[in-house]
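Encoded as structure tokens, the following chain is the form predicted alone, with no partner shown.
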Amino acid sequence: MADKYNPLENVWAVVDKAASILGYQENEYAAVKYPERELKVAIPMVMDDGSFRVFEAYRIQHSTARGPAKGGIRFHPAVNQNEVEALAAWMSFKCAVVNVPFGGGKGGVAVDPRKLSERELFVLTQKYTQAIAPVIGPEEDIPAPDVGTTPQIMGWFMDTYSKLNTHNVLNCVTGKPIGLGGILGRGSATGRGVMMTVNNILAKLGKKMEGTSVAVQGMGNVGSATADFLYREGMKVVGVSDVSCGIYKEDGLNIPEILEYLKQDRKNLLKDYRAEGITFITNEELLELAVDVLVPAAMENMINVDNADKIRASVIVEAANGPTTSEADEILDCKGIYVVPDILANAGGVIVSYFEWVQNIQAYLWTEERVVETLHAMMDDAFKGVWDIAKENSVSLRTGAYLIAVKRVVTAQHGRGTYL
């Protein structure tokens, strides 16, 4: 059902609202609604069984007004041009709201990586890197992991790009394995940032994390790390889900045990997990659980006009990109539900990607302590800025985040003479 919603429409609806509050006329910010460059490529490939397939793939750069484009590479069957364009735009605003000197980009291949062998993944990554190499680079566009991609895939990406340039180019991509220029703490950075955001919003509402109930939709890299951090902070994680189903336990799930089960084999799914006292539920039912905090960490448009009025959480912290449609936002706002937007809540990943890029440029290794400490400071500062401007203008936290982000991007465009 969620695929009937256009993610780009969600982006521009909130951008237009923020621009209006900022006092911009259409001709003063119109360029922010168009991507600077869109590349679509075809990847022909011989599969292990001898069959021949052609995969559609993309790299889209929304804005480089504030710095090189930055954004992940997604390997997922639902990847399409519209989705990648929306994700690239979200990256521009995400980097702006946390004030890292990047623009926004995104890439993707329409493929289910779980159905590929390691050799097939390796060859697909090589061919994709070669196809988009003309538009990427450490000062032009720096990819990173996203849904369906891993540090290993980023290592293959870096190696392929380096061979094309006849020397090592460590900073052409972030999210790499530690031994290939990666940075300590990057793999869990998005989930850690979501945990910090949950702590910040609960503190504003006079609540503690200890004992507070939470449900997490999605157990990929971001969702699993988020669930782990929240569990370790003492929150009662009563529900989690993946593509196969959700599981629920009123007095709290054993998250370390669940994560260990999922790590044993990348094909393991929650539908086959067994533990005393758990109840199997659907992803839709998980979103509607009576919890204090809901963390959507799956795909776009999961909370929409069809289910927004059934949401019972008092706080939503968006770990996924674009999990809430603009129509659902209005419903949630009317219900008094606090929604901490994706461009703030899940920015931990791009912040630590920035640290990795800096580490590679300077050839000076960061300690994990420094990574976590600096991430914490930047997430806290960004949250305070969004909270304060939202309260000053009597708007939602999403609109508050876009007031900051849109102004920073448009100001950079004006400084470059875009509107002259």
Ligand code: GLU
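Throughout, we count residues from 1 along the sequence that is shown. Owing to the predicted nature of the structure, the values given are computational and were not obtained by experimental measurement.
The same protein also has a form predicted together with glutamic acid, omitted here; what follows describes it.
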I need the one stretch from 69 to 77, 290 to 298, 268 to 276, 122 to 130 whose residues put non-hydrogen atoms within 4.5 angstroms of glutamic acid in the predicted complex. 69 to 77
Classify Gln217 as contacting or not contacting glutamic acid in the predicted complex by the rule of any non-hydrogen atom within 4.5 angstroms, answering yes or no. no
Would you check, heavy atoms only and a 4.5 Å threshold, whether Asp159 touches glutamic acid in the predicted complex? no
Any of the heavy atoms of Ile303 lying within 4.5 Å of glutamic acid in the predicted complex? no
Interface membership of Ala144, glutamic acid in the predicted complex, 4.5 Å heavy atom rule: yes
I need to confirm a contact call. Of Gly108, Gly239, Gly349, Pro341, which residue comes within 4.5 Å of glutamic acid in the predicted complex, counting heavy atoms only? Gly349
In the predicted complex, which of the listed residues (Met91, Val97, Cys172, Ile183) lies with a heavy atom within 4.5 Å of glutamic acid? Met91
